[in-house]
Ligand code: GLU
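A single chain comes next, written as C-alpha cells; it is the form predicted alone.
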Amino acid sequence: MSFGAVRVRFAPSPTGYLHVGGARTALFNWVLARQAGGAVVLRVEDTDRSRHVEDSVGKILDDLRWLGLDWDEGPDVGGDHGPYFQSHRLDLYTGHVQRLLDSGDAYYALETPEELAALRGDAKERKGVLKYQRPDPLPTVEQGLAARADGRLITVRFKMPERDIVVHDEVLGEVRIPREELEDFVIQKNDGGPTYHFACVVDDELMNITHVLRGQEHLMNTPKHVAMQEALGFKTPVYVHLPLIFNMDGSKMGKRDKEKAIKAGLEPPEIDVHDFRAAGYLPEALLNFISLLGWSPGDDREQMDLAETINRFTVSRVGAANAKFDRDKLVAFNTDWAARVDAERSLEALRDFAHVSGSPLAGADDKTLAHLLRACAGMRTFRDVENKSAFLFVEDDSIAYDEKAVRKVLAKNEGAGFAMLDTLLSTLRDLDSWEADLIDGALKAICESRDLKLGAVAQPLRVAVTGTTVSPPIQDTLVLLGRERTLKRIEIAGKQKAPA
C-alpha cells in the first residue's frame, strides 16, 4: 500500500508513570519517523476513566522529554489533527459508530450487564471462556434506540466478517486468525463512549498514521482493527509488532514485580522510566539499552547514541523472539555512559537525579557537585555519588558511626586507629591551607615517618569523618567537608573509644 510521508503515533493511557516497555515502543516509533523525515504524533488514550490516574499525563510527558524523545503533534504542541486527547474527540467516534450501524456492520446489543455476567459465570463453571454469540435475528436500530430510551444500558457491537482475518506484519509475516476464534466485540460502551479498539482505529485514520509499532501483546487486537478499517473504508497502516520484554527468569516484566517485592520486604525493582531516573541512570544509557530489546544493529555494535540509532535502525532487524531485560548489562551500560559524557552533561544529569529522587544532593551547589563527580569517577549510577557523599549532609554531632567500622578500624590492635586520630588532629590543624595536595602530602609524611601503608592512616580518618569505611578519595573527602568540620569530627570520633 502506498503512503505519503511516514507518520507514527505513540498513544499512552494515563494510568501511571511511563513503563519502560512503553518507552521502548515510543523510541522505535520516534527513530523510524526521524529516519524517514516523518512526524511523531503523541495521542493520549484517556477514554477509560476508571483507569485514569491523576497527573499521569504530565508525568508521562516529562519522562519522554527526559529521554530526549519529542513529538511533532500532540498535547502542548498542537497540530492539524487534534484534539490529541481522546476524551475530547467523542463526537467523532459517535459519528463513525453511526456509519457502521447504518451500513449493517454494527448492531445494538440488548443483553443487560447481569445477563452477560451470568453467561460468564456459566462459562467459568464449565472451565471455559465466554465467547459472545451473535443474536439471531439481530436487534434492529429501532429496537436499540427504544431500549436506550427506556434507560437500559445498551452497547454497540461490531459485526465480524464471516471469514478468516489476515494480518500482515513486518516482523511476524502473515498472521491468519481463523473465523472461529473471532467474535463480535463492543465498539461503543453503554455510557456512549468508545472502546479502545474503536477509538484507536478512527484516530489512526483521521490522524493519517502510516505505521503502527506496538508490542506483541496487541497482536490479537489487530484483526479487530483490520476488520473495522475495511468496513469503514480506512487505510490499513503498516503493522510492526515488537517482541515482549521479560525478566531474566522468563517472567513478564510488569508493575506487579514491585508489589511482590514490597510484600516480601525487598527493594522494589525499577519498572517505570521514572524509577530508573530516580535511581540515578542516565537517559542516554537507558535509551541505548532499551533500543537493543528486540532489535539488533548488526556488526556486534551495542553502545550507540540516538543519532547512530537513527542511522542504523531498520525494521527488518527487529526480531520476533521475546527480549530479556538484563539489569546487570544496563548497569554496565550506564557505567560506560557515565564515563563517556562530558562534565557539563554529567552535572546537568546529576542535578536532575537529585531533584526527582529527593536526594540531599539537591541542596549542594554546582561546585560541590562537580567535585563529587570527579571524586566518584567510575561510578555506576548517580546513587553511588549520593551514597559516598552522605556524610556531607549530616550535622557533625549527629554522625552515626558504624559499630563494625569502629571495632575493625579504630579499636583494633589496642586502639591503634584511635591513637592515629590524635596524630591526625594535630597534623591537619597545623596545615597552612586546606588543599587536596597538602592534605595528601601530610598523610604520606605520616606513613613514611612510621613505616605505615596509607590505609593505616586514611581509614581511621575516613571512619572518623564519615562514620563508615566508604567515601570518595580521602583528600577529596576532607576538602569537601572543610577544615573546621573535619577537625570537629575527628574529636567526636575519638570519644567513641569504649571505656576500659
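Heads up: residue numbers just count along the shown sequence, starting at 1. Note that the structure is a prediction, hence the values are computed from the model and not measured.
Omitted from view is the form predicted in complex with this ligand, to which the following refers.
Taking non-hydrogen atoms only, residue 200 approaches this ligand to within 4.5 angstroms in the predicted complex. Taking non-hydrogen atoms only, residue 329 never approaches this ligand to within 4.5 angstroms in the predicted complex.
In the predicted complex, this ligand sits within 4.5 Å of a heavy atom of residue 11. This ligand in the predicted complex is approached by residue 214, whose closest heavy atom lies within 4.5 angstroms of it. Here is the short version: of 85, 132, 401, 196, the single residue with a heavy atom within 4.5 Å of this ligand in the predicted complex is 196.
With the partner removed from view, the residue among 260, 412, 380, 218 that has a non-hydrogen atom within 4.5 Å of this ligand in the predicted complex turns out to be 218. Contacts between stretch 33-54 and this ligand, counted in the predicted complex as any heavy atom lying within 4.5 Å, involve 45 alone.
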